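One chain comes next, on its own, written out as structure tokens in the form predicted alone.
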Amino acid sequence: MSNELLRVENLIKTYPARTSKGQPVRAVDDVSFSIEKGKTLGLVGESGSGKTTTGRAVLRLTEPDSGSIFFEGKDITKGNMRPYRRKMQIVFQSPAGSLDPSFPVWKIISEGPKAYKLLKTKREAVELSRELLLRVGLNSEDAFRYPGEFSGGQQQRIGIARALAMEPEFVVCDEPVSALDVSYQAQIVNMLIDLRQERELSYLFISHDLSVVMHLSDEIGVMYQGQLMELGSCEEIAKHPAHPYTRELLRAVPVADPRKAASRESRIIAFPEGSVNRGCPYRLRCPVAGEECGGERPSFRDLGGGHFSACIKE
């Protein structure tokens, strides 16, 4: 029996041009992946690579142009998402921006369950909120305070408690620690790991920080300009990165020893002007690119053991 919880096939999302002379932006370009129950897929890439759009499209907070999304074996690409909202939740990047400043914390956390008539009274809503606040490392009395009274890390804990209130099976974590101090980042990541084990959750964890993704994930997908460049287990990608972009991201991960840091300095360069309409989207920045990289778009090749790469030179 398959242990697959989520499967995404050939997902595409294009945004219209911002000006009359501009070109449409293919934010997600033929992306496919799957996530098993209780597992985490980390989606990593630079800002603008399409990670967040992919996460929102999977939940259909942003409607994809084409492709298919299957949850527990059922096609949820179209139709009413209400039956699946309880099972599929999201933790947003900006904790302050995702919490209503006019609501007390207990009301923020219990709003989802109340909408699904899972709570009948205010007392039940308050009690649920207090229990969840304790679970995410806050005080039960914080239920009566307002979002503006908390630090960024505490606000993110409230956002996680809100997602947990629906008792989901799958959570999209959209850059949940990028706006936090390093000390808070470690606390939130470790808490997410504990919650995954306790509740058998599955995550799509989105981040530009490869070191964080590797700490939390079972599999990693590397995105660039809307396309998946590489996909594989965390261990395989760490030891045998197949795509030049993945290797440069690994070289850019900070290390404590300055001598080691100097020896593995990244060669990632700034985005070139213009865009690549054919061939490999990374070729204008790639240290090993050749003329053949400007031909057909590289296919996603199976390297064995669930390891895939979109590079014709490797």
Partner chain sequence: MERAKRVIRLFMKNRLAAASLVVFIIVLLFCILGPLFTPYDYSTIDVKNCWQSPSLQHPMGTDGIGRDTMTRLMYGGRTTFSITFTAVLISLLGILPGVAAGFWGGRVDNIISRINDALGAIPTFLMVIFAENMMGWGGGNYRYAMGVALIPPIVRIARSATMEVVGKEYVEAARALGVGSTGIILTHIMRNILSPIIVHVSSSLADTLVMCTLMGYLGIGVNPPEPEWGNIVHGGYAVILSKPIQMIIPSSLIVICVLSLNLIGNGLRDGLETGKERS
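Residue numbers count along the first chain shown, from 1. Source: prediction; values computed, not measured.
Although not depicted, the form predicted together with the partner chain is the subject of the following passage.
Visitor: Please tell me whether any heavy atom belonging to residue 100 falls inside 4.5 Å of a heavy atom of the partner chain, as the geometry stands in the model of the complex.
Guide: Looking in the model of the complex, residue contacts with the partner chain include residue 100, since a heavy atom lies within 4.5 Å.
Visitor: Can you check whether residue 56 is within 4.5 Å of the partner chain in the model of the complex, heavy atom basis?
Guide: It does: once the partner chain is placed as it appears in the model of the complex, residue 56 has a heavy atom within 4.5 Å of it.
Visitor: Although the partner chain is absent from this view, report whether residue 77 comes within 4.5 Å of it in the model of the complex, heavy atoms only.
Guide: Taking the distances in the model of the complex, the answer for residue 77 is no, it never comes within 4.5 Å of the partner chain.
Visitor: In the model of the complex, is there a heavy atom of the partner chain that lies within 4.5 Å of any heavy atom of residue 71, even though the partner is absent here?
Guide: Heavy-atom contact with the partner chain at 4.5 Å: absent for residue 71.
Visitor: Residue by residue through 119-139, tell me which have a non-hydrogen atom within 4.5 angstroms of the partner chain in the model of the complex.
Guide: Residues within 4.5 Å: none in this stretch.
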